[in-house]
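Quick heads-up: it's one chain on its own, the form predicted alone, in structure tokens.
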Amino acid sequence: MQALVIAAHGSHLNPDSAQPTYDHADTIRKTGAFDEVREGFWKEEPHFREVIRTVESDEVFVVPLFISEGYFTEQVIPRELRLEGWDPDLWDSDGTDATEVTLEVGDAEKTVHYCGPVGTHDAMTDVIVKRAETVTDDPDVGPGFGLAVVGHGTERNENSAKAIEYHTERIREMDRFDEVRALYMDEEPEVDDVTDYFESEDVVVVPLFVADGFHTQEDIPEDMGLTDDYRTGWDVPGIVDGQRIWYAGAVGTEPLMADVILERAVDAGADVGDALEQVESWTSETPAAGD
């Protein structure tokens, strides 16, 4: 038997924070690729510490629903799962290369394939582009448009910006959008000045966040000038300094995110049959999680 555990942050303050995790788990559960699919959280129940002990399978694939390698993926989750012999060096990563390491949870008698975060997987690039297609309702969006990939950014974790830069460069190499830039909330270049960084009349803004919360639904819209008060909402597209801003909200609500979770598990050796093809088919016409 094989199980999948999706490890996410969750929130005591935002009841909607966990919804994308549940939605993506439901999508994967429907494929029948795993005997068990479980959600585990840091700030909600079931906790990381408990979830691994609720599965019956001996082989467990743990996929962190996080954007970057760092404190949660390298310290909190391995510690709470009690992964024997864990060391971040086992990933042999420069900040975007983490794939998988296989370890034991001795007191639970489980073999755990601990995967890199979804945010640094190559398939995430496709989810960002898909998010742009969704918000513009245009499967061919690109020519005439700029695309801003927005991250939190923090000097406390250099890997936070690496994930943003990685996908920004991959999308730029597609030569699909007229302009592609990485912007941040807490470091330069800042999303507050989004219109200063684009010449295109239309700019799609995709936050590389797992769930919609106060950053994506309050801070970023107000910082960009889409609205003076997030409580009154904003238009999509909205006009800022004469440019049309197509604000997408968190990329993690895009249904195609379930594909990235599966890709992580497959890279770690999971046998998922035709689940990837099923998810791609189902999510092509599915509204974003939480919509």
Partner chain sequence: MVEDAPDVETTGWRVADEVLEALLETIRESDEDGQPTIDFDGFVAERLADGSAYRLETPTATVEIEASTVADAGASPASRDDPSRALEPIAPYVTNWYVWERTVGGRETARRAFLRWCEGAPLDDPDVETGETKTDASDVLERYDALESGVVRHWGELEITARLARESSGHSGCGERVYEIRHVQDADATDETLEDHNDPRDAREIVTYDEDGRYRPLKTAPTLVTGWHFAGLSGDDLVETVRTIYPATIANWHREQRGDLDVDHWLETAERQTGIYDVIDELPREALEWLTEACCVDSQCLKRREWEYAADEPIDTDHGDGVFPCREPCSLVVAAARKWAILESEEEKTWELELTTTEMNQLAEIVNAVADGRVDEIREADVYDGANRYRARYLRAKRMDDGSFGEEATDR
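Every value quoted in this text rests on a predicted model; they were computed, and no experiment measured them. Numbering follows the first chain given and starts at 1.
One more form of this protein should be noted, the form predicted in complex with the partner chain, which is absent from this view; the next part is about it.
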query	finding
Segment assignment from 160-168, 103-111, 175-183, 137-145: heavy atom within 4.5 Å of the partner chain in the model of the complex	103-111
Touches the partner chain in the model of the complex: Y22 (any heavy atom, 4.5 Å)	yes
E80 within 4.5 Å of the partner chain in the model of the complex, heavy atoms	yes
4.5 Å heavy atom contact, P46 and the partner chain in the model of the complex	yes
The partner chain contact in the model of the complex: F214, any heavy atom under 4.5 Å	no
Those residues of 226-264 which, in the model of the complex, come within 4.5 Å of the partner chain by heavy atom	none
